[in-house]
Every structure is written in C-alpha cells, then in structure tokens.
Ligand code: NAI
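Listed next as structure tokens is one chain, alone, in the form predicted alone.
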C-alpha cells in the first residue's frame, strides 16, 4: 500500500496527555514520528499534572479521565508529583480509576547505548493496584504511623494470569516470581502460591521463583539469565527502575499500564523541569512506550517499523546528551523519521474486548468456615508495658508486642519501645462478634486507650494471623 493512501484507513482515537516539564516537547516529537509513519490514529488532547492543577485546581480533571475511558487508550507524558504534600500521583490515580492492574516495563539493550551489559532482554511485570500502594495509612500515636500492605487473591490472580499470557504471546521461555515470602509469609506467600497454581496451566513456560534481595544481586551480576519477572507492586516499582539502569536509564525505558481492554502508556522518567524548553530532551522512552501502545492496538507491523528506526538511529551514533551524544530533540526526531522503512502494508487498529461499564465484583470460591477466636487490639501507652486486664470474658491476654517483637510474657528484650503495643486476646474456643464487642467495652471501661483492632480467625485449625518475633 502506498503511504499516501494511509489516510483512508479507519483511525483509532487515542487520548494524549502532554504532561509537565519536558512533556510537551517529547510528546510533540512522538506525534511527529507516528504521523510520518502513517500510523492510523487520531489524537484527543487532554490535560493532567502539576501545571494543570495550578491552572484548573485539579491535577486530573474529570474530562481527562472520561476521555481515557471513552477511547480506552492513552499516551501520557511525564507529570510532576509534589513530594511529601500536595496532590496525589496522577499516575497512581489513573491506574486505580481504570483498574490498570499490570505495569509492563521491557528492558532491552539498545545499540549505541553503552552500559555494563550488552544482551539484556527481559520484561518486568509489576502488579499495579495493591500492596502498599493502596495508600492506607493512619497515625496510630504521635510516634507511630501504620501502613497496610494489601495482597488479594482476585487481584493477584488476574495480574499473574495476564503475565503468563503475555509471556506465552511473546514467545518467552522463563517466568520468575519475585517475593519475600520467607518474611512476609502470608501476603507474599499467597502471591507465590497463586503464581505456581497458574503456572501449571502453562507447561511450555519454565516457572520458578526468587527472593527479592537475591534478585537484586543477580540482576547486577548476570541480568541475561532472566526473561520475565513477576512482582508485587512495591518490589516491582524498585526492580523496574533497576532494570532500566541495566539498559541505559529511564531515558530509554518504556512503560505501559494495562487492564482489561484499556491501557495508558507513558514515559516513566520525570518531567525534568531543569531542561524544559531547551530542545535537548530525549523522546526515546515515550517513543518506545508508543511502540508498546501500537502493539496493544494490534498495529504490530507499525510498531516493529518504528522500533527498528529507533535502533538504527541509535546505532548510527545519533543520540541526545543524556546518552552521551549531542543531538537535539529535533535532530533525533528527524533521524528516526529518516530511518523509517518504506510503508508497504495496511494494518487496522484492533482493540481488545472492552469490559462492561461499572465496578466488577469478584465472586471467589468459598473457603472452609472461618471461626473467630479473638483480637489483636493496638493500644497506646507512654509509660512502658501497658497495664491490661488479663481476662475479658472468654478472652485471655496471650501476648504483647512492640514494633513486632514480643515483650510479654517473659522478660522484655533490650529493645527500643515506642508508645504503640499489639495486645493479643484469645479464646481456645470460637467466640461470637457480640462477645468480642463486650470485651472491647470492658477494655474501654478499664481505662485502656486503644485505637485499632484486628479480628483473629482460625480455619481448619490453622491461625490466620502472624506471630510476633520471639513468640513460640
């Protein structure tokens, strides 16, 4: 097909968010390259980020989110998130609002980009919604902040299955679960258990697992041994940037946030306000993210054509300053365009099936009956070990810990104590919620200042809660 007739193709509308800092410059470069490549898409521009917040009072206007929901695909430049205060991350907000549960970060060595390694070709798959990124935090006392780490069966299953499907689709051979289940026995233990359960459905893939600390060491020694890495959110956040460093840094690291039938692709680097407007920004990361976007749209030949042009440009020595070259943004863009192979095919965008509108409740299989046996009640005491009733109805005080270490019964170890204690009350027999509420009323009447309660259940005789360090 002649390039001049490409305009007659049906075109997919894509939401474009230019972002902050260098965002407008690199998105303009990517637009120019995709237009020159005759990619059949239309851009629908919307705003988000710090400059948007300063202008309109919100970093993510409702019409921006509505545009992404309507078009189901977006390309996003970097946005600025204030540190320690101010608005929440636009990236995290978009991921959660659209349930983009998988963060896909390829790390592939590029010609002409010098690093310590030459043959890296791996994919980091990061669960994108749960873990500590649920953002569930509370001040418990003036000295103690609690954050909840959430790992769910349905959320992990949908993400891990996506990872195996991607590995199969891309012809990968090995898929590795990364965790810390030796310490996080229940949360990471569940993630690892689900990984192996799903792995049984993909016998052509070699499935294994590794501790997160060991992985980090192995990645900086021999990253070529890894193929596809599957991680919970926080570990994935750290490892994906580490792997970007293996292939040249965030300036060449693409990223996609993918859910069921919709996705947002973005440069994962910052907005670099110090070089904004100087014409030296590197558009490679966003351009390779756009390549990911084209694959998502089913435009595989367009994607390969543009990626090959990027690799030819870098191999020829044309690089921006962050990669050791002296090319401007404009010069690099024109070089990529000049390296585009002739267009001799017709390819129409095909989006994956869209989910139905609205929340999607998940009905997990019923487990064996849970039996309530007690509570961990978190209390404040500024005078050391709190004075507590030994008995509350059928519940008996079994253990007190401080920062996870047992301090009662027995002689407390020589540790730093803060004013926040986990106090465990248990009954050998199941109790009712009414009995537990009565116990809390008795605790309050005794003058105990408590702020948080966790229910303690057993199933098939197994305790569904962790022990304190030092507890038998």
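Please read all numbers here as calculations on a predicted model, not as lab measurements. Numbering follows the first chain given and starts at 1.
Only in words, not in the display: the form predicted together with the named molecule, which the text now covers.
Q: So in the predicted bound form, is the named molecule close enough to residue 91 to count as touching (4.5 Å, heavy atoms)?
A: Residue-level check for residue 91: yes, a contact with the named molecule.
Q: Quick one: does residue 251 come within 4.5 Å of the named molecule in the predicted bound form, counting heavy atoms only?
A: Heavy-atom contact with the named molecule at 4.5 Å: present for residue 251.
Q: Does residue 322 make contact with the named molecule in the predicted bound form, using a 4.5 Å heavy atom cut-off?
A: Yes, residue 322 lies within 4.5 Å of the named molecule in the predicted bound form.
Q: With the cut-off set at 4.5 Å between non-hydrogen atoms, does residue 266 touch the named molecule in the predicted bound form?
A: Taking the distances in the predicted bound form, the answer for residue 266 is yes, it comes within 4.5 Å of the named molecule.
Q: With the named molecule left out of view, choose which of 327, 129, 275, 397 has a non-hydrogen atom within 4.5 angstroms of it in the predicted bound form.
A: Going through each option in turn, the one that passes is 275.
Q: Please tell me which of 292, 381, 81, 140 lies within 4.5 Å of the named molecule in the predicted bound form, judged by heavy atoms.
A: Checked against the cut-off, the match is 81.
Q: Choose from 294-302, 210-218, 309-317, 277-285 the stretch whose residues reach within 4.5 Å of the named molecule in the predicted bound form, heavy atoms counted.
A: The contacting stretch is 277-285.
Q: Would you say all of 146, 377 and 422 touch the named molecule in the predicted bound form, counting a heavy atom within 4.5 Å as a touch?
A: Not a single residue of the candidate spot has a heavy atom within 4.5 Å of the named molecule in the predicted bound form.
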